[in-house]
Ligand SMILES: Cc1cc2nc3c(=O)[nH]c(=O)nc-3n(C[C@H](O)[C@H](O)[C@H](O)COP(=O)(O)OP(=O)(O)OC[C@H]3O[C@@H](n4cnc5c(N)ncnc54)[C@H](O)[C@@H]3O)c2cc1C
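First, one chain by itself: the form predicted alone, in structure tokens.
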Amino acid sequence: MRIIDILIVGGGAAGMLAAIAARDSARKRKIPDKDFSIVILERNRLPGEKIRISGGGRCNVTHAAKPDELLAKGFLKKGEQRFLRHALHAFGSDALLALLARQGVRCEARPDGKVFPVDGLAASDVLHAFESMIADRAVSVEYVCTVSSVVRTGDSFDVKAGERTFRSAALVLATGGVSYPSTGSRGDGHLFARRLGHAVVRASPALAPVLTRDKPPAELAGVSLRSTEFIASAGGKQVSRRGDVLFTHRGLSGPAVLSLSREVAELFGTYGNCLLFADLFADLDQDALQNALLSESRRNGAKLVRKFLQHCPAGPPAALIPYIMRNAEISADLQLSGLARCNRIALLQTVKRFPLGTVKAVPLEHGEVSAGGVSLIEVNPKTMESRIVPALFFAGELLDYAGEIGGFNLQAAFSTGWLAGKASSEKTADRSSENSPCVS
């Protein structure tokens, strides 16, 4: 049995920051590295698999905003905002970028606030920076180390991985959720948390594509609807999100779809029959669009209706226009002057609520993150320590929150990891000073 001061299960964004913060806190207390062991157990051959593949290898590392703005823009549920407030104030995007800059990884914000490494750098450079920070802090990492059980034994934790057992004074669970299981996020942390007495909210998709019962026409695959209002409706309830929508071979994706997928999954799970629509003229209400149509008809009655749609500013893409005409039951060669009132109303209703299909599935395994996880009411938001089990800490996607697309989830993982590492280090050091030190 190997005896450890702080054991961290999971070497992703949250786990790596927990290790870095734990060592920095111990060093501030003048505790020699050799007298205070920190170990990460990682099931993969390399750390940070989700960081490695994020943004197509570019890595949207965070979002450029102050903590309160990060919360307001990135986490739409009030309970999640309240829970994450302390973590994002304790270690926000500025602190993260400063940490990376000290390792030579400079980042820059795009106009939409998404932060990426500067040109010439990629996700692999971000990971190398974290690996360097971990090495500099004398953190031991055990790779290809799959944890099979976690047991509370007296004041310690016994963690079994293969034939090895680790005993630790403090335990940080940072195993991730259940999205992208190929990266190692397979829900093990949910099982460990339950066995330690915690309530775990059932996992559900977030930032996931939406599959439709009838696949979109092949010629629409790859076509984007720009700045549209994406709408889901079921059981008399409706949710929507503004942004780009992308047709795929199996359904829909794009920023608006990913952002709304959590709510779509909830509607679909509750009511079964969930219909999808797009407001193709989100900047104009129906009356304003009708006035524009009538005005153009008076000026140029010979103009084809489809040409009017095609030339409208911020209108639908050309590839979609035949489908709009078909849904509105308007012939392709109809002129504006020949557009009867009933046809005009049908056209306006179609473009303001264009049918995108019926939900078939919101695949949990294809989500960038998963919602659900350890119940937030059972975790102290100021330390990430369990309110049930002393010296047990949680960080990252294992917790029951899910942010918007744009770097918010990675930042939350870094922030909660930092807080868990710092608090676990302080607690363990205090306990060690009262009792005999825990050494490896």
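Numbers for residues come from their place in the sequence shown, where the first is 1. As the structure is a computational prediction, the values presented were derived from the model and not from experiment.
The form predicted together with the named molecule is left out here; the points below concern that form.
- Proximity of 201, 208 and 371 to the named molecule in the predicted complex is absent: no residue of the three has a non-hydrogen atom within 4.5 angstroms.
- Here the chain stands alone, but in the predicted complex its contact with the named molecule, taken as any heavy atom within 4.5 Å, falls in 146-154 among 214-222, 234-242, 146-154, 285-293.
- Of the listed positions (188, 266, 80, 229), a single one reaches within 4.5 angstroms of the named molecule by any non-hydrogen atom in the predicted complex, namely 188.
- In the predicted complex, none of the heavy atoms of residue 19 sits within 4.5 Å of a heavy atom of the named molecule.
- The named molecule is not drawn, but in the predicted complex it has a heavy atom within 4.5 Å of residue 13.
- Contact check for residue 261: no non-hydrogen atom falls within 4.5 Å of the named molecule in the predicted complex.
- Among residues of the shown chain, residue 408 is one whose heavy atoms approach the named molecule to within 4.5 Å in the predicted complex.
- Taking a 4.5 Å heavy atom cutoff to the named molecule in the predicted complex, the contacting residues in 52-77 are 53, 54, 55, 59, 60.
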